[in-house]
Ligand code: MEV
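Form predicted alone, single chain, as structure tokens, below.
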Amino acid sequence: MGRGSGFGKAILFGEHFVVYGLPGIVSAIDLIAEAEVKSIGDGITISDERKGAKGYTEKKRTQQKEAIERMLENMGINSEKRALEIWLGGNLPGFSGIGASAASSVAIAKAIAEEFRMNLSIERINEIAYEAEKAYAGTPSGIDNTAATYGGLIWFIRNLSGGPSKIERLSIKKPVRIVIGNTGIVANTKGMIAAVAKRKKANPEKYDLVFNQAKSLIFEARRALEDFDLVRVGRLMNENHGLLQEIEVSCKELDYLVNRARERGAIGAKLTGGGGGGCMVALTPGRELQEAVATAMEGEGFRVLRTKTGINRRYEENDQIRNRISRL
């Protein structure tokens, strides 16, 4: 039996903009997807025991099957050997916006590699997970699978020519508490990316202006994180959410949670991920502030994750990752 795991993530800056080659800043969170694979049975069977938003597993089932087929094809595993039992679990819930699909793809890729005794580098695992992400996102930026594979805090720039993306590990003074609030809406990442592309083509002047603002903001955000100026980081998160509203990827539920977090004292808050539902992230340094924001959302019936950003952990090359990531 092969085993593997992958990190969940929160995009702090740059979602959607990274698709077009602008930088993005993404952080792994201290929650993981886990997979076990056995080369037995008839065809491919999937037992998905992750907890998530209502209907997430069902709505993603077709994409999940396509993702696994893409991985197997990319790994050179022929149809005769595609008799697999796949189990998915872990403490990362199946929410849209926190890299659940990418984390599961990394976990499955590593488990398959172990089951078939394939000695794959961490870079190769990331490539396989990127291929799987095409099933969920159509034209993925690669930022989700990169965070799920490597962990840590990452500066990411997609190579638009098809070559390797730029992946640079960032570090901050210490991990910072955040709250991730879930709208309960299962988002369609592929559809959101396609819709942005359509609107950008129809209104290039507006979108060029927004994208230029986003580029400047993301570089400033990197400096603020490295300086550990959390007030500035929070302000920039708020501005980033405004830009995402401009390109029409937010929704009333996300805006409500963002505003609710700010009202309860969050230094900054924005949607995270593809938008159109899914999750938002609030910067809440300190246990007391984190709890105040989290309980306010929970009191209104929303599901919440209390976690941290800036966790400086990563997978070592060729390590099959059997250890659970402890809650911080």
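Numbers for residues come from their place in the sequence shown, where the first is 1. As the structure is a prediction and not an experimental result, all values here were calculated from the model.
Not on display, but discussed next: the form predicted in complex with the ligand.
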| item | value |
| --- | --- |
| Distance check, Ile143 to the ligand in the predicted bound form, heavy atom within 4.5 Å | yes |
| Partner proximity in the predicted bound form: Gly276 to the ligand, non-hydrogen atom cutoff 4.5 Å | no |
| Contact test in the predicted bound form: Ile25 vs the ligand, heavy atoms, 4.5 Å | no |
| Partner proximity in the predicted bound form: Leu153 to the ligand, non-hydrogen atom cutoff 4.5 Å | no |
| In the predicted bound form, the residue from Cys251, Ile193, Ile218, Leu243 that sits within 4.5 Å of the ligand by heavy atoms | Ile193 |
| Contact stretch among 65-73, 38-46, 283-291, 267-275 - heavy atom within 4.5 Å of the ligand in the predicted bound form | 267-275 |
| Residues within stretch 3-34 having a non-hydrogen atom within 4.5 Å of the ligand in the predicted bound form | Lys9, Ile11, Glu15, His16, Val18, Val19 |
